[in-house]
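Consider the single chain below, provided in structure tokens and representing the form predicted on its own.
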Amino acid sequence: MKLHGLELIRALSDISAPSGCEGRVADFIIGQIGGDAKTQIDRVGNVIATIPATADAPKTMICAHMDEPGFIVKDVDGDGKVWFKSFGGVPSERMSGRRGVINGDVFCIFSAKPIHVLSGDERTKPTPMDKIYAEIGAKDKDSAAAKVKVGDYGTLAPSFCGIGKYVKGKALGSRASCAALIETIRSVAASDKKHGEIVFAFTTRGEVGNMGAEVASFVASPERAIIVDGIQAYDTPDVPDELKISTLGGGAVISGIDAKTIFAPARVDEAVKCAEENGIKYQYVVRQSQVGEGAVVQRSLGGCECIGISIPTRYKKSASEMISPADYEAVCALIGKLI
């Protein structure tokens, strides 16, 4: 069954698919695209969906990464506690007490030394990640080994729900971006708008160096690219205005730069003009601090003109990333007009 809007975002957010283990979300995306585009999975697991050209226009790639931060099991001790190495940049202070899931179906609680027995610096400093373990309810190593083993992967557990006029869940910024690409594919397939060849790339390993986007861009060799992702919204108390980057409810984010990319000025101006002419709410951002997929797409083969269109995301790298449905709709609308 094809899903739309918040139901599509919820389904994507709830899938456990850490970097390097994107198969579950890839299968779901292919099922949602159906016959609206020619799809394939490349050698690194990217889902590549292509819509042929209907006019003599530049080849465009639109990409969003499918993966999320996660962890890999590195040991199971004699008490059945699971020790792990994390990746993707989740701060340790956001782990203890949270629910996780290993292999997509073994639920756990991330735990650490109880707060009541902490002393000295332990009370004032975040617990280091190597001091946090996963509790799966096993009584000993043998019973734990029946459920998990060294090398298994996990993520934070699904937590999607509505919070007033917003929604929250794990991996929400990136998975809502994937939802925007799915809905754009459907829109393009159903319209008679003339366009050049469009390659939609749902990429792997975005949280650990954007390797999937690098491979996809070299294979597709687009002339232009739109990078879609969640962007930090630090619009919370005690954060100075100059550090807030973006604001929930402020509309689609058009980025001038990120930590390693200066987006094509002419394409950025085009996006701003498009938003204004079509009444699409937007915010222009030049304070982006993270490294996005544009860093590798822009440098592919002979080079590529890139722009970043992002969804404001509060509490990134947590189990409760938060977005505004209105911002999501603005991103979908802007991408559709730019094609």
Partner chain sequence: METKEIIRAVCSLMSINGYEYAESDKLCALVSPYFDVVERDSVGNHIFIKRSKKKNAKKLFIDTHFDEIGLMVKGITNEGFLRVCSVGGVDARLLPCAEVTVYGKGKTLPGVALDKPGCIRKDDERGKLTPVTDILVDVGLDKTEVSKYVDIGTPVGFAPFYGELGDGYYFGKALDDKLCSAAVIKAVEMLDPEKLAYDLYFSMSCREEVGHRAVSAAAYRIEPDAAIVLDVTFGLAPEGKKGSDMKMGGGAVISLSVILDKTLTDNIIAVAKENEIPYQICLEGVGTGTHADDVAFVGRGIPTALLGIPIYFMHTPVETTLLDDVDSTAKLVAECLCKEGLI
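All values derive from a computational prediction rather than experimental measurement. Positions refer to the first chain, counted from 1.
Note that the form predicted together with its partner chain isn't included here; everything after this is about it.
Within this chain, residue 238 lines the site of its partner chain in the model of the complex, having a heavy atom no more than 4.5 Å away.
Its partner chain is not shown here, but in the model of the complex it comes within 4.5 Å of a heavy atom of residue 322.
In the model of the complex, its partner chain sits within 4.5 Å of a heavy atom belonging to residue 135. Heavy atoms of residue 107 reach within 4.5 Å of its partner chain in the model of the complex, making it an interface residue.
Between its partner chain and the residues 86, 187, 247, 159, the one pair within 4.5 Å by heavy atoms in the model of the complex involves 159. You can rule out all but one of 86-94, 191-199, 206-214, 222-230: in the model of the complex, only 86-94 has residues with a heavy atom within 4.5 Å of its partner chain. In the model of the complex, 165, 166, 168 are the residues of 165-185 with at least one heavy atom within 4.5 Å of its partner chain, listed from first to last.
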